[in-house]
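First comes one chain, alone, set out as structure tokens in the form predicted on its own.
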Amino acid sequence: MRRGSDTRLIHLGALLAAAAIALSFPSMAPSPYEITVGIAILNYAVLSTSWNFVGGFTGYISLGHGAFAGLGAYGTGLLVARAGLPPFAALFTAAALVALIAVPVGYAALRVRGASFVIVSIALVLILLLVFQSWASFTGGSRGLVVPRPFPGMLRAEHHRTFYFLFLALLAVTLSAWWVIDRSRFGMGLKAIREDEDKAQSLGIPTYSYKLVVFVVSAAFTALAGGLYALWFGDLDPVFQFSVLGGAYMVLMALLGGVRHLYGPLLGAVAVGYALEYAKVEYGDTPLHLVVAGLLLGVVVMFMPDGVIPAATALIGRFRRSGETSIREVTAAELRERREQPNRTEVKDGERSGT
């Protein structure tokens, strides 16, 4: 019990320290550029955590989640630029529309498993890329779509600072939703699907309904991240928004940190996001950032297949077990005293009852 309470205190302390660092980061950043890097990492964290609703709970690997981020971004941008909706009203409206679109998509995609599901998810991204590139009169096509800024009178540095906190708030909401599901009966059913879907169905769990619900929830949070990115960045390109690489990055970040842990995708987003941004700055438009992502994926698969957090937890547990006293290190006198202790207690209890 003492060890469990100590572990909870350590987790709470680490959480408070991480929150303090995240909240104070804009004031400590030496220039607005570092804040933009922080926004990019937070965006990655929201996207990978959103992906983890499906990948972490059900074990279904989707490489096409970038489609929902792109739909959220273009939906928000089009509602602002074409329909004249207020920016944040457009953000939540677009997320709701993407959630509705995810229902028939999930209804079709979740009927298959394994590699077939991966192929279906990739096909969704490629189809949307062709549609948004070809429909130039409405989406802007390859010319892109310019999204009006939600705070037109704000200086650029303050603009970045404001969106940093908006992304941080969205990340907090996404993590909270994942935490609630993880500790619910619904989450237990999803994890049963991940371990053995056929057995879970035989036990009476409505596996298809559970998968569809969590798929829609994941799509909604992914769309919110994409829409907030559109309001921040202000310029959308279908090649970038509907890229298979986007979904691959989400998977890599979640796998690196650990898909079965709340903070796994967040840790992976910090590591992979910083590495990608560093490679882009140092080496420009060269494909070296893809090499970096591939190397990170190789390290994860070879040395930490369950992620950094499970590997670190196992290592700490190994040190704890090695530090514990084994029975071979206990003297004979100590063993005799431990055996005699219950007998002494029984004698004292008998004397009390006799008096």
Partner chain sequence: MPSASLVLQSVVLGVLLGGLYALLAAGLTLYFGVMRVVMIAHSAFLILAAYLAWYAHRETGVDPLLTLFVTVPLFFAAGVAMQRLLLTRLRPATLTMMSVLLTFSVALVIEGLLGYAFSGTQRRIRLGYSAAGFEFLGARVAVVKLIAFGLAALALLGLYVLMKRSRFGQALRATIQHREAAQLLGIDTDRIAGYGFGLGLATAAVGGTALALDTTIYPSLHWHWIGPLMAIIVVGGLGSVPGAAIAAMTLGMLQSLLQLELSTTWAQTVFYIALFATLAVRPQGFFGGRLAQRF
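Positions refer to the first chain, counted from 1. Computed from a predicted model, the values in this text were never measured in an experiment.
We do not show the form predicted in complex with the partner chain, though everything after this point is about it.
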### Message
Quick check on this chain: which one of L97, L262, A172, V244 has a heavy atom within 4.5 Å of the partner chain in the predicted bound form?
### Response
V244
### Task
Note which of F240, F165, Y274, Y107 lies within 4.5 Å of the partner chain in the predicted bound form, where distance is taken over heavy atoms; exactly one does.
Y107
### Task
Sort through 77-85, 274-282, 216-224, 133-141 and report the only stretch with a non-hydrogen atom within 4.5 Å of the partner chain in the predicted bound form.
133-141
#### Entry: the partner chain contact at S184 in the predicted bound form, heavy atom, 4.5 Å
no
### Query
According to a 4.5 angstroms non-hydrogen atom cut-off, is M302 in contact with the partner chain in the predicted bound form?
yes
### Partner proximity in the predicted bound form: A254 to the partner chain, non-hydrogen atom cutoff 4.5 Å
no
### Query
With the partner left out of view, is V120 within 4.5 angstroms of the partner chain in the predicted bound form by any non-hydrogen atom?
yes
### Message
Within 4.5 Å of the partner chain in the predicted bound form - does that hold for a heavy atom of every one of A14, I21 and S176?
### Response
no
### Task
Would you mind checking 193-212 for residues with a heavy atom within 4.5 Å of the partner chain in the predicted bound form?
D198
